[in-house]
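Take a look at this single chain, the form predicted alone, given in structure tokens.
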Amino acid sequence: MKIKTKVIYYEKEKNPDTNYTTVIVDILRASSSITTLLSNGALWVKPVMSIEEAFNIKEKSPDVLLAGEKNALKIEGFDFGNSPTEFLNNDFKGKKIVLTTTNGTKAVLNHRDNFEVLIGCFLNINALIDYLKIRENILLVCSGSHGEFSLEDFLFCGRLIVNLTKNCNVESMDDASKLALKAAQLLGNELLPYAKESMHAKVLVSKGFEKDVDFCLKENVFSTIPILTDEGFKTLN
């Protein structure tokens, strides 16, 4: 299989080629949270753009649970924040989750009309790579932080591309993919500790979420691959 990879930031390009399998990356913390929720039994996780939209859905469907954050903190009136370690310690079997976050859910919604939209994080990286090996065009969308570069998202893309190049023929890479690949190769086993030095990781630690940061930087905790459907993200069968 010949594969093409492309790495972008969602603020920079909203309408890429719809032939690309799109992977939304928000390591700290939306993509890690969605993967954890589905791995812990959630029926679906629906990303929405705003707090108001989430409350409107809750009003019409009282059985849904609201999860999300604003400036990293749980939103008043919501059932949960955006903490994957909190989700890990609760049973969500059959639960329907509506999620809104500062960066990740916006990235999802800007690309929701693409051919195929998946969630990627360190927690599910090997399962994701196995799936991507049978895809020809891969678009990695880094959510970043408030439209700015996020080191941890970029390094995840690098680690993913490194493993793709080991397992299949990557025919072409854009410049961002090449740089991510090189960074991951140079860092090697130091990649995850280096990702913890990112600006957003330090912000989360300062707000009491160090356990989340540590958890989000663990590899292959789950085999779940979230895929976007009309209802929201569900587990890929």
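Note that residue numbering follows the sequence shown and begins at 1. On a predicted model such as this, the values are computed, not experimentally measured, just so you know.
Same protein, other form: the form predicted together with D-malate (MLT), not shown, and the subject of what follows.
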Notebook entry, point to check: Within 4.5 Å of D-malate (MLT) in the predicted complex, heavy atoms considered, which of Leu43, Ala184, Leu204, Val64?
Noted result: Leu204
Margin query: I'd like to check something about Thr101: if you look in the predicted complex, is any of its heavy atoms closer than or equal to 4.5 Å to a heavy atom of D-malate (MLT)?
Written below: yes
Next item on the list: Among 116-124, 162-170, 86-94, 102-110, mark the stretch whose residues have heavy atoms within 4.5 Å of D-malate (MLT) in the predicted complex.
Entry: 102-110
